[in-house]
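One protein chain, two forms: both are listed below as structure tokens, the first as structure 1 and the second as structure 2.
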Structure 1
């Protein structure tokens, strides 16, 4: 290193000492980051990613706009009064036909049925009958040329020659490269081009070759609409004579056309109900607050959020019940677990180890088995009632109702969660020197004063840790309440599990889960403000 007066201090390799130290610290931080990277990745994938996905699903609503893209655009200009225009019915026909061919219309009906009862059956029934109306044009086209009912003539007219040549080299049923439309067809036959491209892409999604498949009825309908408005006299491509002859047919007075509004009303009268169209329009945006409103017993209406009828307000009750019962279970675990933890911390080692085995024994038994055992024990002809009758505590004709209610849930969950309360309290109590109590007594304190003024304050961090653990576990339980809780002892988590696994309403289940997560975080924040999370210890 050089003298301070002659320049900066240098390291052994000749670089400035400050730069060398910065590089060493940077490398140290990189090594530390690489060491924790696997754990960080694990936390992101198993904890943060599911929460983010849950929050996204609670507002995601793209199924309506993706399944009915044309209809939602047409509905944007509808004011909600009276029936929509025939253009809306026409767009809905094309969208629903494509969705029915891809088996997506039932999913849309199920989604909208969450908001308006009867939508599921409406979409399912409509999807089955659209084909009957779509063949009206094909039957007339075949009078001009039966080639309209075959796949090859359509493929020659609508497909790019190079794409079609590549398809002919493939085996039957092979999809090949993405479909390419013949140049100029979008200008000549815009509706037909759009309908045929939709058909071709759907076929390729199913790994079929569009050139080998007969087009959907929507393609024939789109062609009729194009021929009624477009001039095809200059067309010189494949099927020129057939196309121009068909254009003459469409322009004649004898050509039968579709009335889309009448067609939908003929399928089902509910298509004339403005509430159906309002529901579709209301839930056409890609994101919605409807799931969160439903989760707090409200609903999204054209006039804004509104409270549901009092008879339908169940989620607020379930949230209150969940928080109340979880608090009762936590307090029960404190009252039962504190004496056991004190014994574990103060008994001789041999006896303490035996008692610890008994505390840990429930962990070695299936949760389902333990819950089912309580269902047997708590029923009116069960062990608990038999013992109470034998001890003459309750008369035989007035046995206690301990199952399928809140009492059964509290008893069963207290038993299941008790070890989670005992172990944190024990770990803290084990660190409290017994000499403190002896010192307090030697200074004249009674047993109660010594315990309450000296021992108990030092055990509070263990109570806090156990309470947080038990409370958070309790509000998320759903197996035990489902088995022993009945209708009055179930938690909000039971409804979340129902929507995720049974009803298929993942959006509402995610919204309920997000609200439950928010409630836990708020309670955690309140606990930190009142008690201080730094005072929570697991021992040491």
Structure 2
């Protein structure tokens, strides 16, 4: 190596030492990675992915702009004062009609109902009545040619001949290849093309052949509008006579046109309510902070976020209660668990093994059984009350309410989480040699001082680990508060469960979950800053 002392170090085969080292290490890393791959995959699929999905759902809001694409575009120009323009009503008509045909309007109604009550029924009713109003045009067209009310003439006129030929060969219930518009139609009848395409696509989504289906009223309306503005004299395709005759009718003075605003107000008075339109406009962006604002008792208004009415503020209270009760549970676990952990660590092996089995015993019983047992113990006619009455500590007519309230939740959860406090404390205490206590006593400390100044500080890491464990478990606990908590002893997680499984408001549930996650992370961070996470020991 003397002649190459300035260059990089080389391995025996002449490759640079660094490279051959990293190649050797890579094999080890790959092997290590393969070993943990199943777990990694499992964690990513079942844990990280759902969390990411939850975080995404808490802000995702594409349903409005997807269901009402045209209306949200038109609403962008509306200043929020008075009623929106007729164009907005028209766009809404087209969007809602298409949505109603595909039964999507009720979903949107449910979504908007979270923000403004009454939206759900408004959308449901409107969807039912839209059909009746669209027929104004068809009725007039039929006077020119009854063919307008049939499927085939429309299909011949609007679709590409080759595509149509292909469709004729299909059997029932076969949608065929995607609809193709006749060449030139786009410029000749733009709105009609748009409406017919929307219709055709919706039909094909339901595995129907558009060529066999009567077009929606939206197509008729679009045609009437097109004929009022477009020159169709150049058209030479199928049904050209019919089209030109109809154009003449539309041009004539006695052709009856539709007033969308009036129509919507006729369907339901609420369409004349500015708040309805404001809500739609507010929630038209694809992403919204609305769920999070709801989760902290605020709401989105055109003037920015605002506090909800006092009477509607529930989540702040629930969060506070969850934190407070988790804290109480953690503290009671410390108080009850510390002496037990101390005994476990200091008794002779035989006795401490027996005690350890007793500590672990609850783990061998189902959580539901344990919680239900508390119901039996704590109810008004339950064991605890009976004993207290028998001992004449409480009078028979004033039995204590120990269940279906905060007391019940605290008692049951302290019991259930106690092992999670004892075990980390025990494993830390086990590593504290008894000579420290002896040393302290030989230096003149009383039993109490020796414990408090010497033993206790060294057991703090165990208390820390146990507290973090118990607190984090408690803050997200669900089953026990649901069973013994009544109304005053439920946690935020019970509310999350309600939104996920009953109300269907997943976005709000996700936002509440995300806030809970954030709260835990902040607490963890604070703990790290104050106590230091290195000081947390789960074992030797």
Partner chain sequence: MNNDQGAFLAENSQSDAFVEFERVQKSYDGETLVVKDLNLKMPRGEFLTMLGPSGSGKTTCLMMLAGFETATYGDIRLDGRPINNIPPHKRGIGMVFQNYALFPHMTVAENLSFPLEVRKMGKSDREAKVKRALEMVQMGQFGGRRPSQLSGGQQQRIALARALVFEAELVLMDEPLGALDKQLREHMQFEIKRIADNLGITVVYVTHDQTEALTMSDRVAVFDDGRIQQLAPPDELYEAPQNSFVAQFIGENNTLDGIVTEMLSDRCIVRLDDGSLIDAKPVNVTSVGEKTRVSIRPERVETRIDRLGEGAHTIKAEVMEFIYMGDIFRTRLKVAGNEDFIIKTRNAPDQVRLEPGRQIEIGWLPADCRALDAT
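Positions refer to the first chain, counted from 1. Here the rigid core means the biggest group of C-alpha atoms that line up within 1.5 Å when the two forms are laid on top of each other. A quick note: this is a predicted structure, and the numbers were derived from the prediction, not measured.
- The form predicted alone is represented by structure 1; structure 2 is the other form.
- In a rigid-core overlay of the protein, residue 415 has its C-alpha displaced by at least 2 Å between structures 1 and 2.
- Taking 2 Å as the criterion, residue 330 counts as shifted between structures 1 and 2: its C-alpha moves by at least this amount when the rigid core is aligned.
- The Cα position of residue 307 differs by less than 2 Å between structures 1 and 2 after fitting on the rigid core.
- Core superposition places the Cα of residue 444 8.4 Å apart between structures 1 and 2.
- When the rigid core is fitted, residue 346 shows a C-alpha shift of 6.1 Å between structures 1 and 2.
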